[in-house]
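Before any questions on binding or motion, here is one chain by itself as structure tokens, the form predicted on its own.
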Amino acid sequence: MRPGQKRREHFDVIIVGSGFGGSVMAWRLAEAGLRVCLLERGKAYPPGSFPRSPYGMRHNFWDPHQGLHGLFNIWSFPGLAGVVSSGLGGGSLIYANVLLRKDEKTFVRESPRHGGYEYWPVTREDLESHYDAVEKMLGAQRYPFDQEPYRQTAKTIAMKLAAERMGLKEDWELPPLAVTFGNPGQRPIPGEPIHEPHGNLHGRTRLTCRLCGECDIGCNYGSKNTLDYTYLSAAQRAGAELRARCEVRSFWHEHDGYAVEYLDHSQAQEGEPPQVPLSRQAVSIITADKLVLSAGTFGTTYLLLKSQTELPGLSTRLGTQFSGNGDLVSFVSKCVQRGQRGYEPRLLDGGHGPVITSSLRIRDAAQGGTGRGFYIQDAGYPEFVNWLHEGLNQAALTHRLARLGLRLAQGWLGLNKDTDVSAEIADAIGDCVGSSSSLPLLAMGRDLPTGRLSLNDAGMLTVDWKMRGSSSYFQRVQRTMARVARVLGGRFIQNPLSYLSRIIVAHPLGGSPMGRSVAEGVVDSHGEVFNHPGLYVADGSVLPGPTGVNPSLTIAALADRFADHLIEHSRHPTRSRVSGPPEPVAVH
């Protein structure tokens, strides 16, 4: 124990972070009878608490040094920008709910030490039972596209049509989503109360998906089966202690376990920088037999990089195998279709439905395709984005408003006897063709995991990653997206940042990769850090390469597998594992 610092509490396991790794571990370990404490730096977000106003969004970022304790933590590195979440439930609060399994043939076994790019020490077969367990716990449901009103979702109709016109009908699907569209055994209906036999940690009623497109800024209806409603609620019922607003600053070996130092933000005054610098504020220290780092690719790798002197024998592979999971956002714009009077706008209506409803797989070379494979998905958004889009053309908007003003003035002066101005007001809004016939496309796939995380001279995290390292992959993705735009009668708009060889990454992976030995990875295939028994990593940082699909399910499945190992090697006897709580039940 460090001089002048007093140990307060001891647990069997401390978990740092509440994303897909930490939440799964919290429930599995608590359910096994271990005394668990989970530390999450961000706030809890019950239904209705996610900001929507410009003022609220202004304060919805994470930087406690500036008095910001919100949901979004944005990183800007030389080659990319990264978006991660800060809140109880981690990335599940802002992800697009997709639960796809990593393709079996992409668990590749190339040796990075001998000219390859990635080596996965686990196989799809190793993870199958864990995939099953996570899907059940997260209540996976597919978008009910065969029923009203869901069958009218324009973007889903368009993506299905694009797949057919591209000859890829067999590779289009409605992926499992961690969203409740309907209660078990009942017809899906938007906005109905969700039946939860055991309730949730917020003690609030949730509603089935209202198709508002706000998944990525926090669901105010509780329709997403996020980790706070599923794993963390179950963990709390099993006895786990969940401490939100507790930011871990450091950790170290102590006796036969680990000590963790954290700063409690629960009394912080939001909106202005703290009067006492964070570095001088009192911290708390707790200890445990075992420690699980689940702070995400950036957070976990940062903690390990800062703690290298406290962790002799740590692998020199720390920081390596970074990738952005091939993330790329582009756009199809102003799509048209042939109608009775010639070409007319094709409605895509990106603000209607959950953010992602369908997925188109472009096969990997190992699956009969060419190059490194990827997926293209419709990327919806909140409806207010459409209003912003319509307001971008200031000249046209000003002209329409002037026309409306003239018409109103004519009526007030008695120069026009028609007192019904509804059509004139509709005309002032515009035809809205631009927003209604355009849609972002999200791609993710198997870029090369050649990036490296490190600390710069200021002790801040940085990433050495360059888009040109995977240029052939990104060019192929862009060509395919352009083809989607073409078959839908629209224009392809490339992400402007890509012209600067920069991308925005929502799925940062790697940095503390799994390996067969300390020479190849930071952790073994069970998530335990080489040369440091009892220290585990369970999040996206352990992935030695991209998943190619949305990575959340694979991260959670790996954590479920790691939990088996930790329980087996704990001091305490374990209960037999149950198959999972009765709710929610998957409806496919």
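Computed from a predicted structure; not experimentally measured. Counting begins at 1, following the sequence as shown.
Note that the form predicted together with a small molecule isn't included here; everything after this is about it.
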Task: V83: touches the small molecule in the model of the complex, heavy atom cutoff 4.5 angstroms - done: yes
Open item on the list: Under a 4.5 Å heavy atom criterion, is L39 part of the interface with the small molecule in the model of the complex?
Closed with: yes
- [ ] With heavy atoms only and a cut-off of 4.5 Å, decide whether Y119 touches the small molecule in the model of the complex.
- [x] no
Open item on the list: If we define contact as a non-hydrogen atom of the residue within 4.5 angstroms of the partner, is M25 a contact of the small molecule in the model of the complex?
Closed with: no
TODO: Using heavy atoms only and a 4.5 Å cut-off, determine which of G445, G87, P354, P513 is in contact with the small molecule in the model of the complex.
DONE: G87
Task: Partner-facing stretch of 200-208, 503-511, 278-286, 461-469, counted where any non-hydrogen atom is within 4.5 angstroms of the small molecule in the model of the complex - done: 503-511
